[in-house]
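Next comes just one chain, in structure tokens: the form predicted alone.
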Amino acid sequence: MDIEKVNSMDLGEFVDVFGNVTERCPLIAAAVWSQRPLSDLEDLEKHFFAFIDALPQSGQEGILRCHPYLAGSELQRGTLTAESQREQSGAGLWSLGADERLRLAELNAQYRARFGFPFVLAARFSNRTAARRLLCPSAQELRTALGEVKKIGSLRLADLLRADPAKL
């Protein structure tokens, strides 16, 4: 899909296509739509990320709470978004053994208890650093988690702009 197609979308179509660039946050896509015309993928990213950066801490934490747990109950129930399903599957999280799944569930719970939001990781680049990140100060971990949200968003935007618009 080229940027001209992106710029020609009405609000509903834009939100349908880009509403999950930031997991379960279509409001961000709606805000970005109002910034058209966009010049390229980098400009599109810039507007998504500027919105996130401009939020107060509570809003940023809210964005993080929209993300599913890695290999968590949504994966088991099959209720992940299509994007998260592809990403977690591609990172091998669907094929974890029982011991690995239990360990990840324990880390997810510890992380949530410490920081108040799920452990967010760009699963395509997964190196499963949850245990190490549990030791970070809260402000640092918020920045790290938001950085992961932005990595995920970058990948999703790149996928969408490379996608055949007939398949969207």
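From 1 onward, residues are counted along the sequence shown. Keep in mind that this is a model prediction, so the values were computed, not measured.
Keep in mind that the form predicted in complex with another copy of the chain is missing from the display, and what follows is about it.
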Picking from L134, L38, L104, A31, the single residue whose non-hydrogen atoms come within 4.5 angstroms of another copy of the chain in the predicted bound form is A31
With a 4.5 Å heavy atom cut-off to another copy of the chain in the predicted bound form, the contacting stretch among 58-66, 38-46, 137-145, 95-103 is 58-66
Report whether the minimum heavy atom distance between D159 and another copy of the chain in the predicted bound form is within 4.5 Å. no
- Classify A109 as contacting or not contacting another copy of the chain in the predicted bound form by the rule of any non-hydrogen atom within 4.5 angstroms, answering yes or no. no
* **R24, heavy atom within 4.5 angstroms of another copy of the chain in the predicted bound form** => yes
Next on the checklist: On the criterion of a non-hydrogen atom at 4.5 angstroms or closer, are L11, F51 and G116 all touching another copy of the chain in the predicted bound form?
Outcome noted: yes
